[in-house]
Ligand SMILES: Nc1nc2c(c(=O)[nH]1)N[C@H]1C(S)=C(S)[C@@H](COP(=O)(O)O)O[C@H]1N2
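Given as structure tokens, the chain that follows is alone and in the form predicted on its own.
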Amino acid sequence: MKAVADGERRDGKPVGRRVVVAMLGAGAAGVVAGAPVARGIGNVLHSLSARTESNLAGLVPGGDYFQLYTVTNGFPPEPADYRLQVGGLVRRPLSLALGDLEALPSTALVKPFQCVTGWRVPAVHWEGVALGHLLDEAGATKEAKALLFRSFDGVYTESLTLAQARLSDVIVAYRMLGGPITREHGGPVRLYVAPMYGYKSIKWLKAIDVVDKVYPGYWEQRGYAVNAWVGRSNSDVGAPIS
């Protein structure tokens, strides 16, 4: 899952500012009036999206459940050919097939997915390997300060500090919604960062590089917050960062 930037279409072209403002106003009305109004707004926005080649429902709190966005048309290998590379400032670089990840101690979570544009999916079932466990397996060196994540699409990147990466609800996920993660949802393997907005949970995870500083990710280079806490201050764990 990845949230498209406010006012940007799937193809990267801007949505008109007046349309965005109007849709956000409608979303606020849905929050105040309750779920039935929000669902009605979502239906209207899906119809409008089909005519404008944009996905405006993702701009509205409660406009829909999962909204599926990408910044490219790239996809990862089939599950049988998948490998996750863990390298950079580590003593033991890793190259892990999907089966290797599944053989490691697993972490199961039931947590929401919150998009920065306002919609939220509650009580999503996730399963994967604690990111902190992978860091222990690789053995970060003393110069290590942060992680850089890269997607198989060749464009999307994300970042976390080491402290953020070691939170108990940050996992390298291979299952969600009761089954293997589909390609559309970022499978076969994606990151899930429970306490942060969805754009931190990079889809189609290809590589984890342990690095000496934070490198802002794809959307952070376009104005989004580097520390994307949901309902928490940026002075919390691992922030501020430089």
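What you are looking at is a predicted structure, and each value in this text was computed from that prediction instead of being measured. In this text, residue numbers run from 1 along the sequence as written.
Omitted from view is the form predicted together with the named molecule, to which the following refers.
Visitor: In the model of the complex, does residue 215 come within 4.5 Å of the named molecule, counting heavy atoms only?
Guide: Residue 215 lies outside the contact set for the named molecule.
Visitor: Applying a 4.5 Å heavy atom distance criterion, does residue 174 contact the named molecule in the model of the complex?
Guide: Output for residue 174 is no: heavy atoms all beyond 4.5 Å of the named molecule.
Visitor: Give a yes or no for residue 153: in the model of the complex, does one of its heavy atoms lie within 4.5 Å of a heavy atom belonging to the named molecule?
Guide: The answer is yes: residue 153 has a heavy atom within 4.5 Å of the named molecule.
Visitor: Considering only heavy atoms, tell me if residue 188 and the named molecule come within 4.5 Å of each other in the model of the complex.
Guide: Taking the distances in the model of the complex, the answer for residue 188 is no, it never comes within 4.5 Å of the named molecule.
Visitor: Of the listed stretches (107 to 115, 132 to 140, 164 to 172, 88 to 96), which one has a non-hydrogen atom within 4.5 Å of the named molecule in the model of the complex?
Guide: Residues of 107 to 115 come within 4.5 Å of the partner.
Visitor: Which pick from 144, 124, 84, 71 sits with a heavy atom within 4.5 Å of the named molecule in the model of the complex?
Guide: When the named molecule is considered in the model of the complex, the option within 4.5 Å is 71.
Visitor: At a 4.5 angstroms cut-off on non-hydrogen atoms, which residues of 168 to 204 are near the named molecule in the model of the complex? List them in order.
Guide: Those in contact are 176, 184, 185, 190, 198, 199, 201, 202, 203, 204.
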